[in-house]
Ligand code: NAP
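Just one chain follows, in the form predicted alone, and it is written as structure tokens.
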Amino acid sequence: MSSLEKRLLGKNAFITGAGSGIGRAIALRYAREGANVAINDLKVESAEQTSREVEALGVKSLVLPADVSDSEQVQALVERYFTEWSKLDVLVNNAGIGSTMETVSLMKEATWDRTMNINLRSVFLVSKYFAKQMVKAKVPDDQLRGKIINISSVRGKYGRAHFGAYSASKFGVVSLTQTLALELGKNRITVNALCPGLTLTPIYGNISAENLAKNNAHIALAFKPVGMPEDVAGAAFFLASSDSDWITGQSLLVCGGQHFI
């Protein structure tokens, strides 16, 4: 890839939960496009590994391990980020967890609280404290100050029995995305969400794509019933690029045409 093809050259990005899966794939795609990438993950070794892979692509990287559902840790993370780097162009709220299959009536309150904290509270906190700095960026009057990209899920569009906490948290991400877009638009910051469908990531353990797809056959692109992290990373690149500058408050399904019957 020549420098002319690097669409994010000179940009700085920060990605939560980038030690593996979708977050790692987004980090590597951004790096290939020329962006410097700051990596967050609760697992320090995983964050450092992604950081090394990013730097191997010829850009800068910064490791910022923290629990992004904890306000004090997020504030310290943001302070350290802006001590090291002077600006943030793209913020990706990717950190999240899956869910065990259980009905709402049998769900433990601790399960609900943990899911909400990691999947939704983290998006609130990271957006809140980074946005306070992003709005200060000095850019020409006809340019954006930055972009925020939140990772929701198809379950943020369509609920499912036995996934009450997860679906509610991801619906919350979609709603928060719309609110942030309205609040930050005047500051020339766009806010959008991606809603991945079934995607093969470490969250499913060592299961094969074939086995993961067995009970998830309702895909328009039936030749590929399971997505890969790189599929989501491609959409995340689009939202980070100038091609999406006139798009905000949207939640884009990245699911191979998954439908619900």
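On a predicted model such as this, the values are computed, not experimentally measured, just so you know. One rule holds for the numbers: they count along the sequence shown, beginning at 1.
One more form of this protein should be noted, the form predicted together with this ligand, which is absent from this view; the next part is about it.
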Answer key: of Ser127, Thr177, Thr115, Asn94, within 4.5 Å of this ligand in the predicted complex (heavy atoms) is Asn94
Proximity of Ile203 to this ligand in the predicted complex, heavy atoms at 4.5 Å: yes
Thr190: touches this ligand in the predicted complex, heavy atom cutoff 4.5 angstroms: no
Using a 4.5 angstroms cut-off on non-hydrogen atoms, would Arg52 count as touching this ligand in the predicted complex? no
Val68 within 4.5 Å of this ligand in the predicted complex, heavy atoms: yes
Select, from the options 128-136, 105-113, 79-87, 152-160, the stretch whose residues sit within 4.5 angstroms of this ligand in the predicted complex by heavy atom distance. 152-160
Within 170-195, the residues having any heavy atom within 4.5 Å of this ligand in the predicted complex are Lys170
